[in-house]
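Only one chain comes next, encoded as structure tokens, the form predicted on its own.
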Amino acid sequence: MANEAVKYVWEGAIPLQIHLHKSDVASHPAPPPALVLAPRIGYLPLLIPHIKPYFKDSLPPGEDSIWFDYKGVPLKWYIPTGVLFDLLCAEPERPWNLTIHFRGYPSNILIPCEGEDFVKWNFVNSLKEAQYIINGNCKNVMNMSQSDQEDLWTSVMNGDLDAYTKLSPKLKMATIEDDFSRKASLSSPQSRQGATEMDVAGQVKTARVPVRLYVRSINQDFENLEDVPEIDTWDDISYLNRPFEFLREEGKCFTLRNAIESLLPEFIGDKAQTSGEERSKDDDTEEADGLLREMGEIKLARIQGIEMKLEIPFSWVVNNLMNPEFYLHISVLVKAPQR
């Protein structure tokens, strides 16, 4: 099951319909939109070599400064394409209609990107950050040969999971045993005989997980995702780069809900009520209702295009839904508490 999940992540793609912005059209008639299948784990600038030749006969002369927008919002190139889609389209739009610009780079909103080397640098830098969070240092990334680094990056660009799987063990990233695998292994006599001191009942295990959260907090309630207000600016989104200390206690399952509540106390409060969940009997009291109004409500958590059930073990999410740079990207929609 785990291998199938990782394969799903690597094979995930989003159909794009890319329109040339009207200010860049120097031909008549305007060219039809380009249709591209974009890997979820990839980055928008990596699509430019495929898109630019399509529009080249319609462009005015001059230097190109290429960027994309969605409904007027410039798209941050260093965020994986799948994360952008999950974040900006509460109700998934297929194909995803984007606009490409060849002029007027919004340098007040987007950091410069001058091609693939910038994207590669961003990837390797994130890999170093992730390893520092997980292992306490980034020496394994720093000590990788130039050819191995290049091959690792090429595997990500090409969506080659087999090549990536051969190279990534050289990074020696610490892993978290997920609860599904643990239950299966502990059920066998051989595993019970070979238990280490770390498996003593009641003992707490810790691990640090690199997490990037993209949080939208909205005031109004809604029943359907199509009723979620559109994002007008990046100011509508809180970007949080938060290392998470994962605690696992024997006999307890630490869930995705537990993780999000721990990571977002300023949005949710001490204990969130998740959409669709039944209340306890005590919730009928006026005091309980008042408390609920003071807490945020998680309306949606999306990872790798999946609307997650919040009771899933967090260890499984970490081991199967991380991006290749070892960050877990979580898009969260929160209904703001009533003050």
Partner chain sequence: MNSGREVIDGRLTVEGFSVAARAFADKWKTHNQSLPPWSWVPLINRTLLLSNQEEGYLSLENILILSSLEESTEDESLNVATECSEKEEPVDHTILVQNQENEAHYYDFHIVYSASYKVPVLYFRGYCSGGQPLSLDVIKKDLPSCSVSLLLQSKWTFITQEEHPYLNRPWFKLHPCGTEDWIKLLSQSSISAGCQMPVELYLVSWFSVVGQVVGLRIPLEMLN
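Fair warning: this is a prediction, and the values are worked out from it, not measured in the lab. Numbering follows the first chain given and starts at 1.
Absent from the display: the form predicted together with the partner chain. The rest refers to it.
- When contacts are defined as a non-hydrogen atom within 4.5 Å, none of A5, Y8 and W96 contacts the partner chain in the model of the complex.
- Residue-level contacts in the model of the complex: of F246, F222, Y132, Y164, one residue has a heavy atom within 4.5 Å of the partner chain, and it is Y132.
- This chain lacks the partner; the member of S238, N140, S155, S168 within 4.5 angstroms of the partner chain in the model of the complex by a non-hydrogen atom is S238.
- Look at 80-88, 116-124, 155-163, 223-231: in the model of the complex, residues with non-hydrogen atoms within 4.5 angstroms of the partner chain sit in 116-124.
- Put simply, L264 is close to the partner chain in the model of the complex: some heavy atom of it is within 4.5 Å.
- Although the partner is absent here, L256 lies well away from the partner chain in the model of the complex, with no heavy atom inside 4.5 Å.
- Residue contact check for H101: none of its heavy atoms lie within 4.5 Å of the partner chain in the model of the complex.
- Although the partner is absent here, I111 is a contact residue: one of its heavy atoms lies within 4.5 angstroms of the partner chain in the model of the complex.
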